[in-house]
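Just one chain follows, in the form predicted alone, and it is written as structure tokens.
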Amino acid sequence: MIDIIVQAKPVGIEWLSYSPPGWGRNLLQGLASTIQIAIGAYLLGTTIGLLGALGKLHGGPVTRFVLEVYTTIIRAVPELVLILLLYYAGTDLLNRSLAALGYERVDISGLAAGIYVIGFVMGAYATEVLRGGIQAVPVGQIEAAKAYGMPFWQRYRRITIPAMIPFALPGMANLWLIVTKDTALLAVVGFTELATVTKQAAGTTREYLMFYLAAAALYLSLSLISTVFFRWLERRYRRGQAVPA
């Protein structure tokens, strides 16, 4: 007589278990991909924003015009349209340029493409946030640095940027939260992150409400942890400053 073992199908919360056939491991891997893209895009966007702010404040007429066009267009067009445009047009332009130079076409990884696309979009917003932070630095501190004979880049490195950080941190914290949510838009170009994994899990198990609630809880947890970190960072950089009553 042959014994037939029938494995019970998971029900309810069991679909979120870490081991198969649960989808818990996949959701956490998707969250890890989301964090990777968000960190890379945030660093790239902050670099672009700092260079853009310096260009707007100290660049020539052509530099200021180009940066004004960049920030205006990026902030006016929806992020989804920009992601599709930059991903497909940017990849095609790169391969056309390589072909014209005699090189073979390259396949850009989803991680690199996601960082590039979201970072480029965030750079426009970071440009305005950092420009406002730099302009908020008291003029007296800059004049004192000039009186001590500090050259331009030394003033920026030792005076302007450290003094600018407390003014720019709230805006940069908001941009980080926006970037973490914008990673979900990469699902339209086929990159696997938390939103994509959630869609796959919900479609496979038909447990739409449970999986989307789980994804929302993961996004919320990431946002709460980020908020606590940025508040600590702001308190640290505001030490010694007068606090309004």
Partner chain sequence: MDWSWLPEYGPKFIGGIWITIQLMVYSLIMGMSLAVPIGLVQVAGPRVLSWLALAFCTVIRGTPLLIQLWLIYYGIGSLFPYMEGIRESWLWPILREAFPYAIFAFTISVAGYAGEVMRAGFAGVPKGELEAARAMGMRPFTVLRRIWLPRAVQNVMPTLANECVFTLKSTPLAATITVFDVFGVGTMVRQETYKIYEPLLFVAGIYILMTGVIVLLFRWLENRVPRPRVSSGA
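Numbering follows the first chain given and starts at 1. It should be emphasised that the depicted structure is a prediction, and the values quoted were computed from it without experimental measurement.
Although not depicted, the form predicted together with its partner chain is the subject of the following passage.
K.L.:
So in the predicted bound form, are Leu43, Met150 and Ala173 all sitting within 4.5 Å of its partner chain, heavy atoms only?
P.N.:
No residue of the spot touches its partner chain in the predicted bound form.
K.L.:
Quick one: from Leu51, Ala187, Leu28, Ile39, grab the residue that has a heavy atom within 4.5 Å of its partner chain in the predicted bound form.
P.N.:
If I apply the 4.5 Å criterion carefully, the residue I get is Ala187.
K.L.:
Leu111, Ile142, Ile74, Ile161: which sits within 4.5 Å of its partner chain in the predicted bound form by any heavy atom?
P.N.:
The residue from Leu111, Ile142, Ile74, Ile161 that makes the contact is Ile74.
K.L.:
Can you tell me which of 79-87, 150-158, 128-136, 98-106 lies within 4.5 Å of its partner chain in the predicted bound form, counting heavy atoms only?
P.N.:
Heavy-atom contact with the partner occurs in 79-87.
K.L.:
Please run the contact check for Phe191 against its partner chain in the predicted bound form: heavy atoms, 4.5 angstroms, yes or no?
P.N.:
Phe191: no contact with its partner chain in the predicted bound form.
K.L.:
Would Ser223 sit within 4.5 Å of its partner chain in the predicted bound form, counting heavy atoms only?
P.N.:
Heavy-atom contact with its partner chain at 4.5 Å: present for Ser223.
K.L.:
Flag Leu213 as yes or no: does it have a non-hydrogen atom within 4.5 angstroms of any non-hydrogen atom of its partner chain in the predicted bound form?
P.N.:
Contact with its partner chain, yes.
K.L.:
In the predicted bound form, does Tyr70 come within 4.5 Å of its partner chain, counting heavy atoms only?
P.N.:
Looking in the predicted bound form, residue contacts with its partner chain do not include Tyr70, since no heavy atom lies within 4.5 Å.
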